[in-house]
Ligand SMILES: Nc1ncnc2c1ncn2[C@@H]1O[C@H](COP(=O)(O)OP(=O)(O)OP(=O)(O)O)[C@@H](O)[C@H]1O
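Below you'll find only one chain, the form predicted alone, shown as structure tokens.
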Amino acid sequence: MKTHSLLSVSRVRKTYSVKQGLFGGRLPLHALSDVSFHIDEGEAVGLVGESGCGKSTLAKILLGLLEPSAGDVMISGQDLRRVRPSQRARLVQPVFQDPYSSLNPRKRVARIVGLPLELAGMSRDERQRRVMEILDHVGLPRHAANAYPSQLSGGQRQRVAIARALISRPRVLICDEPTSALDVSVQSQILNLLQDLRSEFNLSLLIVSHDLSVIRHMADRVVVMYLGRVVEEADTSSLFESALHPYTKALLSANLSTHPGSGLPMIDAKWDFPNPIAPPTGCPFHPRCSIAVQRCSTERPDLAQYGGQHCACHLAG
């Protein structure tokens, strides 16, 4: 049951300095601009947007792999920047996109899964007991403990990655495209496993994905990002049934339909993703927006509330 915000992101910014060519100067690239949202205890939140919108940068900040340029990240009532790495590992853990590249190919599964406990100083017998216990939870046979990653299928490797993430009993899992590297036949198994583990361990999930079908299946609430900003936030049913922002509507229109003969989808947006080093004035989406008015090109809209949804669009009301 959701009781309070377990993870809170407040006005987070991340700016890089990018060199322009061999003899050019450096220019700022604003990967994240005033991003704010929260995840309640036991809640699953989806984070969606095109490549380059800042999803992975935000995920790395939440994992402590990057420092924000400004803003605050609070987890379990603590400032993430002031939490020791060992303590942070017990609060938040990642599940990466490619299970093979995230697992050490020279170590057996038992060592990979149990390494966080070894670093924490747990005895060998207790580590072995905990490893076998977590392998049961993720649906792996116990003999898999003696296997190398190369001896496992893609789905089994992702189960190993999930087991390693859960062995420290974290509060939050950051799932960055957790099924995109898997066969379609295995994807639903991993998603259902994550749902079961979420319920069993009272986990909070942040699911980073460009696949809206994954988000619809997994998330209670969805945060939509465009060019480093949150442009819409709503509970999942509201977003899929009555999205407010033109960009969200364009993403939904680009989803594959399950109806025979419907053909390939076309995103309802003009031109390509803009240059993040020289973003558009006003609303960042206005050059691609089919309903933009003059105000959209000069005045950036704030993220405002419309009923139970939040949207950054002058025309949302």
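Numbering starts at 1 and runs along the sequence shown. Just so we're clear, the structure is a prediction, and the values are computed from it rather than from any experiment.
Omitted from view is the form predicted together with the ligand, to which the following refers.
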Heavy atom within 4.5 Å of the ligand in the predicted complex - the one residue of A44, I61, A31, L251 that qualifies: A31
Close approach of G54 to the ligand in the predicted complex, 4.5 Å, heavy atom: yes
P276 within 4.5 Å of the ligand in the predicted complex, heavy atoms: yes
Partner contact for E50 in the predicted complex: the ligand, 4.5 angstroms, heavy atom: yes
In the predicted complex, E233 touching the ligand (heavy atom, 4.5 Å): no
